[in-house]
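Before any questions on binding or motion, here is one chain by itself as structure tokens, the form predicted on its own.
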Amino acid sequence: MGEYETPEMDDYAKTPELAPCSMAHSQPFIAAPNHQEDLGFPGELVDNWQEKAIEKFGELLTKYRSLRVYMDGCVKCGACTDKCHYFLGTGDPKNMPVARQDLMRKVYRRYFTFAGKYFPWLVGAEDLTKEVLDEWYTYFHQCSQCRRCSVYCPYGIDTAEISMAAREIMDHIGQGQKYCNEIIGKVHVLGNNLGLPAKALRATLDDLEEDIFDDIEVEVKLPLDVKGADVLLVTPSADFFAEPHIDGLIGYAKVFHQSNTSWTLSSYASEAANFAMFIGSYDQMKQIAERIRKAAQDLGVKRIVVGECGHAWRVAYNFWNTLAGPFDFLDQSVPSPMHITEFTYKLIEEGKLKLDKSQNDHMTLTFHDSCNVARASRIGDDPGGQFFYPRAVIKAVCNNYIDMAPDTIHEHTYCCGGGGGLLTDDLMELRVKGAKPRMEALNQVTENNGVTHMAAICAICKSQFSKVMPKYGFEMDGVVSVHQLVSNAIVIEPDEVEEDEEEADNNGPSDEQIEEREEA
């Protein structure tokens, strides 16, 4: 990872002094041949890579009309220049969204415009050389596809789509990124990003059930592969093994338990996240989405609820129906997919959850709007639901809440700095520097309003903040899951529970059954 210094925080985000090429050294590890080939990509850079890259570029320009508009539409107005968290944290001018776009735009002009073909020096057109390809690999992996720049662009140019297209072209010629492609391969084989087999998942859930019982002396189940359940929960696999994610999973289970909701997880599709979006591959996105559809059909559920994961919700909300739909076999009287915060808040509104807000009085909370929820989706039927529901749940279970500055939340929110497939240790310098704007906004409410903890509804955000917050002087456990707060506040009394033996035993297949299914 090399040596680097954590930037000093300012009172508010300031345009940095330019530091040209200061992040030119930052690249993620290249995918190993087997990680590439498992996804149908070349194992390494092909001999005729330039020809194939231009061919693929042309295919994408035809397939996605928006991409051609973005290539032609920029007028260099400068509205986006200081909107990227990576530019604000690094000062590298190639992290200005317009400059990052131009890495692709100059190649587009050279091969797909009349002026660029015949008068390249007049329009800033350049050949796709190995040096240019290396720049693509460097700086298109310094974009978290958060879309903040597109909010401020008067023409709506979306750097995220450009970044996805660049990565798709690079995968196509054998220059893929290890972190994303290895994870996608695990989902195809075992149904989750961790490569966690069904037996290990069941053991993990059993341990959590014991932990819950030790804490509240009530048997709260985390069912797996239960046929006929009403709800299939798909959640990021981080919820199965790491803090604070796992506390959020416990919160989901308590909500389902107290509301008497019949629910299950699926060992076949235990993962909500879809890293294929980060590499721009709709084919890979489709395969992962279809896995969830198959799990829902095989288990005979009535609805699908998505846990706390930003890009998982973006894919579910925007792409599931066209990639793997229609989901007409589900109960059409309720939203599907439904975000867990909407599910929980509606139960709160109906008075089905007993809550003691004082259990969170040791914290003063703020909320981090995760980009893929805030700028690329909606929760519920009403505009702005993605901002309302998480905050409404927090306020229902906490007495002390304060928002960060208006220009750092809602659609203006800063990225955590680790999204878009960049949550890997080989990019730690970029992640730390990219987190600077959010850390400054958090520091402001910490000093002025006594905020002690920041809640989030995205697994990547929570993982990123756990790692980078200590670099800025905050505690590692200063980031919490929204449903961790629900878990703290929800009141489940032991004497209220009369366990039905048959229902208690209906906790999914045994280890022996799982082993038989895996062998088959």
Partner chain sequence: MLTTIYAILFYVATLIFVGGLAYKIRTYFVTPAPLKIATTPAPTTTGGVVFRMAREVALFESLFKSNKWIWLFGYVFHAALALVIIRHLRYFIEPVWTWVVLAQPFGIYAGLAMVGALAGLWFRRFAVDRVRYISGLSDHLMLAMLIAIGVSGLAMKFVSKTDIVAVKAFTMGLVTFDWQPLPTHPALLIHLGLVALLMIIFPFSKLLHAPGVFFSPTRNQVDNPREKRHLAPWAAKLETKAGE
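Residue numbers count along the first chain shown, from 1. Just so we're clear, the structure is a prediction, and the values are computed from it rather than from any experiment.
Keep in mind the form predicted together with its partner chain is missing from the figure; the text below concerns it.
Exercise for review: Give a yes or no on whether every one of 81, 319 and 378 sits within 4.5 angstroms of its partner chain in the model of the complex by heavy atom.
Suggested key: Yes: 81, 319 and 378 each sit within 4.5 Å of its partner chain in the model of the complex.
Check your understanding: Can you say which of 348-356, 279-287, 393-401, 250-258 gets within 4.5 Å of its partner chain in the model of the complex, counting heavy atoms only?
Key -> Answer to the contact question: 279-287.
Check your understanding: Hey, in the model of the complex, is residue 34 touching its partner chain, heavy atoms inside 4.5 Å?
Key -> Contact with its partner chain, no.
Check your understanding: Closest heavy atom of residue 386 to its partner chain in the model of the complex, within 4.5 Å or not?
Key -> Yes - in the model of the complex, heavy atoms of residue 386 and its partner chain come within 4.5 Å of each other.
Check your understanding: With the partner left out of view, is residue 161 within 4.5 angstroms of its partner chain in the model of the complex by any non-hydrogen atom?
Key -> Result yes; residue 161 sits at the interface with its partner chain in the model of the complex.
Check your understanding: Heavy atoms within 4.5 Å of its partner chain in the model of the complex: does residue 203 have any?
Key -> Judged by the heavy-atom cut-off of 4.5 Å, residue 203 is well away from its partner chain in the model of the complex.
Check your understanding: Only one of 444, 150, 408, 364 has a non-hydrogen atom within 4.5 angstroms of its partner chain in the model of the complex; which is it?
Key -> When its partner chain is considered in the model of the complex, the option within 4.5 Å is 150.
Practice item. Consider the chain as shown here, without its partner, and state which of 210, 127, 134, 72 has a heavy atom within 4.5 Å of its partner chain in the model of the complex. Key: Comparing distances to its partner chain in the model of the complex, the residue within 4.5 Å is 72.
Check your understanding: Which residues within 301-316 place at least one heavy atom within 4.5 Å of its partner chain in the model of the complex?
Key -> Stretch hits, in order: 313, 314.
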